[in-house]
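Below you will find one chain, with nothing else, as structure tokens; this is the form predicted alone, and questions on how it binds or moves follow later.
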């Protein structure tokens, strides 16, 4: 057995074929078109494979993102495309590849790792836990909210600079470049909608679908709520089906404006998260608390024990998921029951942080 390891540059075509054959064998496009920044030769050092007799058996992909929220900037390892060829499954290969990804992410000083999966038990074995918040607005009612002053177009022929300008108004998400946007605009099976004023200024945008994933989901959007609502109304009418808008929990104005058109509003998890660089991440949390005027907040890892609290009231846990769920959420009153009232007040003031990852950045 050779690996887990980085693929050799000479193996690039073989790597793409392996992921394509095992994950997108029934599609008309190749998987590197669907994940243009992650499955790319420039990202070769963040891909892991395992081979036997020069044949690839298992693999996974990482994409390092710099992500922002009110707590600061994070280096995040987004992990995906974890797969083993069907005839070689149940031998622990994916587990080994995943562990090597996490080791590489630690070596690159990532604050934490993030992935999207419904195989919760598998990923919990290596320390991931469901955390963060995501709101799904299921638009299954007729909206009739079009605005005659707003022109709607369905096209991906749009200046990436204009999109990036609107995207950058988001307070949480990945730091992107114009080149990133250009690559994302080429992803197959994506429907891109834009709203314009009479002077041909871009007001809002929305993206539905992404290759084989997120069909029927608007997973990217930007602009003012007053322009997004008529844009979503157009999409709902144009597609003639139920559409789901996914949004960060802190997008309160959008959520409130869309509720009349939704019979269902689901509050779910953002994904599965595992902390990696404890000292760096916890120092950011402490600085964040000071910026909010909270003195004496402590979060620290001592051996296998996590310490969290305020001033002289420090609580201990050996379960990392407790810390992940406090910082990223979601937490409820039952989760806080072991803390005294003063500490509960502090934790609720600080957390959960409004962290979010947009659909184009999923791996």
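Positions refer to the first chain, counted from 1. Since this is a predicted model, take the numbers as computed values, not measurements.
The form predicted in complex with a small molecule exists for this protein as well; it is not shown, and the discussion that follows is about that form.
Undergrad: In the predicted complex, does residue 89 come within 4.5 Å of the small molecule, counting heavy atoms only?
TA: Answer yes; at least one heavy atom of residue 89 falls within 4.5 Å of the small molecule in the predicted complex.
Undergrad: Should residue 350 be classed as touching the small molecule in the predicted complex when contacts are defined as heavy atoms within 4.5 Å?
TA: The answer is no: residue 350 has no heavy atom within 4.5 Å of the small molecule.
Undergrad: My question is simply whether residue 133 lines the interface with the small molecule in the predicted complex - judged by any non-hydrogen atom within 4.5 Å.
TA: The answer is no: residue 133 has no heavy atom within 4.5 Å of the small molecule.
Undergrad: Given that the partner is absent here, does residue 287 sit within 4.5 Å of the small molecule in the predicted complex, heavy atoms only?
TA: No, residue 287 stays farther than 4.5 Å from the small molecule in the predicted complex.
Undergrad: Heavy atoms within 4.5 Å of the small molecule in the predicted complex: which of the stretches 174 to 182, 81 to 89, 136 to 144, 225 to 233 has them?
TA: It is the stretch 81 to 89.
Undergrad: Go through 221, 123, 192, 74 and name the one with a heavy atom inside 4.5 Å of the small molecule in the predicted complex.
TA: The option sitting close enough to the partner is 123.
Undergrad: Which listed residue (217, 116, 278, 196) meets the criterion of a heavy atom within 4.5 Å of the small molecule in the predicted complex?
TA: None of the others qualify; the residue that does is 116.
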